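As structure tokens, one chain now follows by itself in the form predicted alone.
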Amino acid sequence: MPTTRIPPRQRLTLPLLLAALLAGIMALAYFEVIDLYIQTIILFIGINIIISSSLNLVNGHMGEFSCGHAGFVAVGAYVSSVITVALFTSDRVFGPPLLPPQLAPLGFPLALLAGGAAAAVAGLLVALPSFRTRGDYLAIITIAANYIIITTVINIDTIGGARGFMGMKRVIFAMEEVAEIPWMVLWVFTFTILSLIAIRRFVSSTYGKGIIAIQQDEVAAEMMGVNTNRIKLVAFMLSSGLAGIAGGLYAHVIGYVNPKSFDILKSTEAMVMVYLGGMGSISGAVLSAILFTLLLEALRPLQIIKWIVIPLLLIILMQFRPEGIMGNRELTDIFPRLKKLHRFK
């Protein structure tokens, strides 16, 4: 069957739009048109998009029920933070920097990927029990994994234990000495786009078809020759690896990480974003992450009361629109002309 050749100009439309958007945000941040508060909200939106879309891969596309996603975020946050602080800054625990601080812009993305790889290994350990469990049992396993990770971090005094770990802001300062640009805007935007591309490619691949088969009927998928164990393994590792990258970005945006930042409440936030956007919808995960982040900021003056309002909104959503904002549809299903923007073949 002949393939339709996409004109080069059409193939470049989306990359050029994304490049223009990145350049615009960085210019606004560099010239202080948007203050640090607005920049931080934008950064949190990008991080939450990665967290929401990565969890949606397991809970939405594959139909599993993972409830401990924050544990993988914690692994990525701590691993990438320890690597960057040890390599590029002076620290009372790790001593002088192992590498010249001028190399921080080159080493930072590698440290994020290392944190993602460590989180993927943690996801592997959770994926193995998932071969024999589903539904409520898998939820219990992932919650237990979340608590195991947090308890392990608390008992490692080298990385601060219950006090937390800091020093990541010095890494950002080292990058700014090389070039005085909003580095975290660049890294968060870049890894958010790359994460969405990776998930989109994965869902559209042969493995993605197997994920849909598992969601519909795992037993029938096995009878049709689908290697469900391998697909689960890859999906869990990709999901947890991307969560680890989000954790590394979060740690360097805040400049400080504490085990309590990744407890079951953080996992609940991730699940709220998934169910708010729609199960199995990448567009829904993006929209829900934006709305949820803005909602958290709007309700910040309410302090602890906001955790009464947010679950109440979720209950109302489940009553009147249980499929979420997008259901299992994408924006391209609603606006077909958008398909022209991401055809790369």
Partner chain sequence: MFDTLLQNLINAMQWGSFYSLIALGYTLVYGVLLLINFAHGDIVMVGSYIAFFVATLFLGHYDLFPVALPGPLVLALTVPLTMILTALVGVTLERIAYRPLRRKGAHRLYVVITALMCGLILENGNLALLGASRKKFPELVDKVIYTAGGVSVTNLKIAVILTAVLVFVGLHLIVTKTRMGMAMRAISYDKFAVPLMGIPIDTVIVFTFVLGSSMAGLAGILFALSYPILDPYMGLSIGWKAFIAAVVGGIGDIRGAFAGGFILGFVEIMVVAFFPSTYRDLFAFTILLIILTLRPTGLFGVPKTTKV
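Predicted model, so just to flag it, every value in this text is computed and none were measured. Positions refer to the first chain, counted from 1.
Same protein, other form: the form predicted in complex with the partner chain, not shown, and the subject of what follows.
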item: Region of this chain that lies against the partner chain in the model of the complex, out of 113 to 121, 187 to 195, 148 to 156, 88 to 96 [heavy atom, 4.5 Å]; value: 148 to 156
item: Contact residue in the model of the complex, from 305, 298, 38, 33 (heavy atom within 4.5 Å of the partner chain); value: 305
item: Contact residue in the model of the complex, from 103, 264, 166, 181 (heavy atom within 4.5 Å of the partner chain); value: 264
item: Exercise: residue 223 in contact with the partner chain in the model of the complex, heavy atom 4.5 Å; value: yes
item: Close approach of residue 323 to the partner chain in the model of the complex, 4.5 Å, heavy atom; value: yes
item: Residue 207: touches the partner chain in the model of the complex, heavy atom cutoff 4.5 angstroms; value: no
item: Close approach of residue 129 to the partner chain in the model of the complex, 4.5 Å, heavy atom; value: yes
item: Whether 141, 278 and 319 all lie within 4.5 angstroms of the partner chain in the model of the complex by heavy atom; value: yes
